[in-house]
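Shown next as structure tokens: one chain only, the form predicted on its own.
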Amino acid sequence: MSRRGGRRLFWAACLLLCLAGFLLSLLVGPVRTTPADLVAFVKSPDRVHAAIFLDLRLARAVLAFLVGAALALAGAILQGYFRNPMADPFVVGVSSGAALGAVAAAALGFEAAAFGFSGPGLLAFLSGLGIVSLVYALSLRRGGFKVETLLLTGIAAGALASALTSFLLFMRSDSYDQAVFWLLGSFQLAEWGQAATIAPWVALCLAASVWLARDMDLLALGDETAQALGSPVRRVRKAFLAMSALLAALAVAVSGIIGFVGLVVPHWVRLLIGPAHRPLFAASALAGGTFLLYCDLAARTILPAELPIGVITAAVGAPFFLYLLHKKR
């Protein structure tokens, strides 16, 4: 099969799986419902089924899709940015920084809400972006920076944020149960307001990344070569770093830390459709959203009690990534 035919097959399969995932999300939950109930609700809406199908299940499914798309797109951007398939939002410290903000809010009892975020979500968003800004500032040298310096600074900042998070949990053990939500990820508190808050930003970052995809292709040749071919390397790198940080911070702010989506999904998509970044960015967003839809379904149905979704993504993502590494080697 040609590369173009393979891409068409990939898009068709992803779209079908995505639609099926949304349908299953509407039917699965603590309250038993059937396809006949859903059809009857569509024909004649009532308040009870509206609360079940729309306010609880559809809102949760939409938020899971948006978070998955954001994490996968952030991972695809950072893998191209660092020219390293091991890169994901954790490497620049945004996930660890966001977790620190959320746990600090839980430990201090910070409840102020704004822009559709809860108190912990708001501090998670701000601290995640703050860590990335600090990492970028520390990486600057005479107006420029090296990618390797940024990578190592991000890892160090993330480790420091994780240490502070552990310290807060040790000092305030009574906030541990609430902190688990942020450290392992969940969509139990999903609301339409959260989806409405992050959806425009995810769409904007996706459009901007697709528009700048040619510059990312040139960056893969090296900064000097990209600049010689007409790419404004410094501005492009700033734009991509800002987009990846924003996407990851938004995702953590509404769902907590969900690992491996930004690492495995773009890697998997690249193997299937090729390394060109314009289709890669769009396909990663769709595949990431679809992947997290099914992970959320698994988290709700595997056990009587709901599992943190981070457990599911790690259980699926870690063995798959080890397989990819072994196959590549």
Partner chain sequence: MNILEAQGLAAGYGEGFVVRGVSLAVGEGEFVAILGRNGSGKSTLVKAVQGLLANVDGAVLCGGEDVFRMGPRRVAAMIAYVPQLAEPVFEYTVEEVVLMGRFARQGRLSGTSEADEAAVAEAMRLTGVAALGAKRLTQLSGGERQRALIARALAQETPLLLLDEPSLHLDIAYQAEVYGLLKGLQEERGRTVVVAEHNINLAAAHAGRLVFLRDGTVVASGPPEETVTAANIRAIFGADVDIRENARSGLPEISLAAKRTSG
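Positions refer to the first chain, counted from 1. Everything quoted here is computed from the prediction, not taken from an experiment.
What follows is about the form predicted together with its partner chain, which we do not show.
inquiry  = When its partner chain is placed as it is in the model of the complex, are G80, Q227 and R270 each within 4.5 Å of it, taking any non-hydrogen atom of the residue?
reply    = The answer is yes: all three residues contact the partner (heavy atom, 4.5 Å cut-off).
query = Would P85 sit within 4.5 Å of its partner chain in the model of the complex, counting heavy atoms only?
reply = Result yes; P85 sits at the interface with its partner chain in the model of the complex.
request  = Considering only heavy atoms, tell me if P200 and its partner chain come within 4.5 Å of each other in the model of the complex.
outcome  = Output for P200 is no: heavy atoms all beyond 4.5 Å of its partner chain.
request  = Look up in the model of the complex whether R60 has a non-hydrogen atom within 4.5 angstroms of its partner chain, and give yes or no.
outcome  = Result no; R60 lies far from its partner chain in the model of the complex.
key: Contact label in the model of the complex: S231 to its partner chain, heavy atom within 4.5 Å   = Taking the distances in the model of the complex, the answer for S231 is yes, it comes within 4.5 Å of its partner chain.
message = By the heavy atom within 4.5 Å rule, which residue out of L140, A156, A220, M171 makes contact with its partner chain in the model of the complex?
response = After the contact test, the surviving option is A220.
request  = Could you check which residue among L297, A276, L38, L54 gets a heavy atom within 4.5 Å of its partner chain in the model of the complex?
outcome  = If I apply the 4.5 Å criterion carefully, the residue I get is A276.
query = If contact means any heavy atom within 4.5 Å, which of 88 to 96, 147 to 155, 127 to 135, 203 to 211 contacts its partner chain in the model of the complex?
reply = Within 4.5 Å of the partner lies stretch 203 to 211.
query = Which residues in 21 to 41 have a heavy atom within 4.5 Å of its partner chain in the model of the complex?
reply = None of them.
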